[in-house]
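Here's a solo chain for you in structure tokens, the form predicted on its own.
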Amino acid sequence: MRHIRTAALGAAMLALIVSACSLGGGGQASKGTIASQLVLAGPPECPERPFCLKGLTGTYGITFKEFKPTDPGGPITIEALKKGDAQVGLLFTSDPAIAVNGFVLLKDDKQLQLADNLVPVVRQAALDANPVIEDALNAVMAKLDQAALTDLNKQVTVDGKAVPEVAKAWVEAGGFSFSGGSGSVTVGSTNFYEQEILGEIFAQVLEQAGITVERKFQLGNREIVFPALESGEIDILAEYAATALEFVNAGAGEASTDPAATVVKFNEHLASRGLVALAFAAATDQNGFVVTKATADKYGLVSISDLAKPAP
């Protein structure tokens, strides 16, 4: 009887030891994922947004140690990252603060965000009169990656350089060379500085092609610039595929995470308006999740999926 009780007690002690090891004994599985060690900073509504914390959980299976409400891609989020109050922050993918602070933009490898890739929207009549417009603007889009867009924004908003100066340097470095254009076109923009920078790049490349370009920047919001496009007040506008599609389709929910499919659907709605969307760029302006370089190096972070890996 004593032998049986001793054996039972020994088994119970062994079970307790195994349990303790599994809960806090330092094994890799006990530490959880990398994300479970980190704090996410973002706008207060982030936990309920499908393209923020709710989407990270659903698409990537990520649960963070804590969520810190800050602001929508603004200075409070940036400061939280710099001070170490948060290790992951939501910024917009073309925010110059990424370059200024040396943040690492994590690749959205499972395509959580809708495809807000940059895309030129042009009046069909302008294309018919000058086919070189399509070749020229498509060439610009082909060279516009995320790093280039972020740097263009930084030069204007942080370094204080003039938009024409920044655009000229980028166009010259791109080696664009088009000819055969004639007549005139008007390039417009909303009140967003990024669209003005891109509009100026469009204008300078088209001027090289022999087209006279009038600039009408800072016209206002989409409710102003789209009627201006349709009426012929302006001929060319830099846009964001998913957001622009949902504007012209009155929020029908047709935009997707696939930029090619989104632009195809966008063009279906633009045709009746006498407009066409050209090739899209790799560069986007959409929700992005960033970490400091120190955090990226510590955990080997390149993509959002890396946050779901076991913590070291």
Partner chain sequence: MDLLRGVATWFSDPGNWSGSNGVPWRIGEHVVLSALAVALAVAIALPAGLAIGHTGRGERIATAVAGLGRAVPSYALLILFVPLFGLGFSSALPALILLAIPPILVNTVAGIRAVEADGVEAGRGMGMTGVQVLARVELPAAMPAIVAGLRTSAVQVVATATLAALVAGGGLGRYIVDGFALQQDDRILAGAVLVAFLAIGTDRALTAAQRRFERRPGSIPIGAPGAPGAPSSPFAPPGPSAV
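Residue numbers count along the first chain shown, from 1. Since the structure is predicted, the reported quantities are computational estimates derived from the model, not experimental observations.
Another form, the form predicted in complex with its partner chain, is not on view; read the next lines as being about it.
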So, K161, E207 and E214: all three within 4.5 Å of its partner chain in the predicted complex by heavy atoms, or not?
-> no
Residues in which of 262 to 270, 282 to 290, 45 to 53, 246 to 254 have heavy atoms within 4.5 Å of its partner chain in the predicted complex?
-> 45 to 53
Any non-hydrogen atom of A80 within 4.5 angstroms of its partner chain in the predicted complex = yes
Is there a non-hydrogen atom of D85 within 4.5 angstroms of a non-hydrogen atom of its partner chain in the predicted complex?
-> yes
Report yes if any heavy atom of L106 sits within 4.5 Å of a heavy atom of its partner chain in the predicted complex; otherwise report no.
-> no
Quick one: is P69 in contact with its partner chain in the predicted complex, heavy atoms, 4.5 Å cut-off?
-> yes
Its partner chain in the predicted complex has a heavy atom of only one listed residue within 4.5 Å, and of L219, I76, L112, A148 that residue is I76
